[in-house]
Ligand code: 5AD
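Shown here is one chain on its own, the form predicted on its own, set out as structure tokens.
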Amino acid sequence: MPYQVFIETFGCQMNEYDTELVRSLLTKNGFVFTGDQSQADVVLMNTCAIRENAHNKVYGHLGECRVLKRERKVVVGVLGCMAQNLKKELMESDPVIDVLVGPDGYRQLPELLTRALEHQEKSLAVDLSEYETYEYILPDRGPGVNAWIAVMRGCDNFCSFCVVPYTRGRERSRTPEGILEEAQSLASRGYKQITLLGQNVNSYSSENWDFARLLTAVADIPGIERVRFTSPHPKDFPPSLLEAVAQHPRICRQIHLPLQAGNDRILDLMGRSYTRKDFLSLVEDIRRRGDIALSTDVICGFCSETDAEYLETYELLKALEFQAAYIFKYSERKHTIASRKYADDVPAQVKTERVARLIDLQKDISSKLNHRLIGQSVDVLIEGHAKKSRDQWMGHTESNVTVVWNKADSFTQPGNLVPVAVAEASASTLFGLRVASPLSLVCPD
């Protein structure tokens, strides 16, 4: 009987993509996957090191695994960024873990699991690689409309709050040939939207290929309706990339543009390599090119941030009116520059209050922007049933706003790009009144 594996993923889209790589590597080596943890021979957690909440969830699941180990000889593995960043602490303090594998060690996982299962050997693979990109390994994906492609791995920015350069290593890009082959395979299987991934995705470079050229080439593949990318850095937006977003009909006119803070001293402490003025100039350049939706990330309560400095961030978000903002309170990560150089001295309650104020502000902005669309038609890529009702469809606009509407006919299905008339709106969702024929089926006049 083949060994059964249960895997759970914590964190970002890159972690989801890595789980698909792990599934592919293990399946090729005779393992099978199960959705029932109680039936598994192996329990894997693919982890994130960015947020405190993800850490806490992993530690909670390790507690559950202790119970499983007492009941039967299940093998427990921790994969990904947390495994890389906290390898010493995890292996020394938690005997429940049998296998510890960082983001560059997945090729070794089948052998390590086999040794743990058959010989009760504990092992780890946590060396960072200068070259590993998992080129030409097609991830094991389930059916769907959306797919991710990691075009590069690692990061060279060394923002002081971020652990990624220490958990995923330095930047290295995949070949354009491998990326386009993967994208063409996705198109042939019916995927309609591709999101290109990287810790600093727009710094992609391979010989004479830059990110703008790669993005355009993926969008040119027949069968692909929409292409997105995340996460970029504000320092890497040459005119060619902005023109591609503004002009190509299948590149979504939406950019995620992480701000992190609106005060120059805090930006400098964060190591962000741009000023408030630089960021404003980039936003103005983007918006001069047409109706391109922007979203952002913000960290509240970074080391020594004062009330006045926080207020600069608040006022900047208020002025720029992002479509969406992902707002977090600063949590110190081990082995980062900030953890070595600066005191995490903003009280927890102050961080919480600052986050709450920004969330309230952003809800008001998003609600205002969404309400402007009432009475208009928006193009939506159908992704599947709505969470709350199988009598409704759910999808996203080009600007990445969620849309929900009642099913009204038999010809629409996931993967169709359809116009939806907006009847109501909230801060996070548009509610459709009706849907016309799929755009791909509408005959020209």
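Position 1 is the first residue in the sequence shown; the rest follow in order. Keep in mind that what you see is a predicted model, and the values were worked out from it rather than measured.
Omitted here: the form predicted in complex with this ligand. The next part is about that form.
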Complete contact of 191, 226 and 417 with this ligand in the predicted bound form (any heavy atom, 4.5 Å)
no
Work out which of the listed stretches, 72-80, 322-330, 143-151, 91-99, brings a heavy atom within 4.5 angstroms of this ligand in the predicted bound form.
322-330
Position in contact with this ligand when the complex is considered in the predicted bound form, options 106, 274, 237, 161, heavy atoms within 4.5 Å
161
Checking 243, 111, 297, 268 against this ligand in the predicted bound form, the residue with a non-hydrogen atom inside 4.5 angstroms turns out to be 297
Even though the partner isn't displayed, in the predicted bound form is residue 260 close enough to this ligand, meaning a heavy atom within 4.5 Å?
yes
Close approach of residue 68 to this ligand in the predicted bound form, 4.5 Å, heavy atom:
no
Would residue 45 show up as a contact with this ligand in the predicted bound form if we use heavy atoms at 4.5 Å?
no
Can any non-hydrogen atom of residue 50 be found within 4.5 angstroms of this ligand in the predicted bound form?
yes
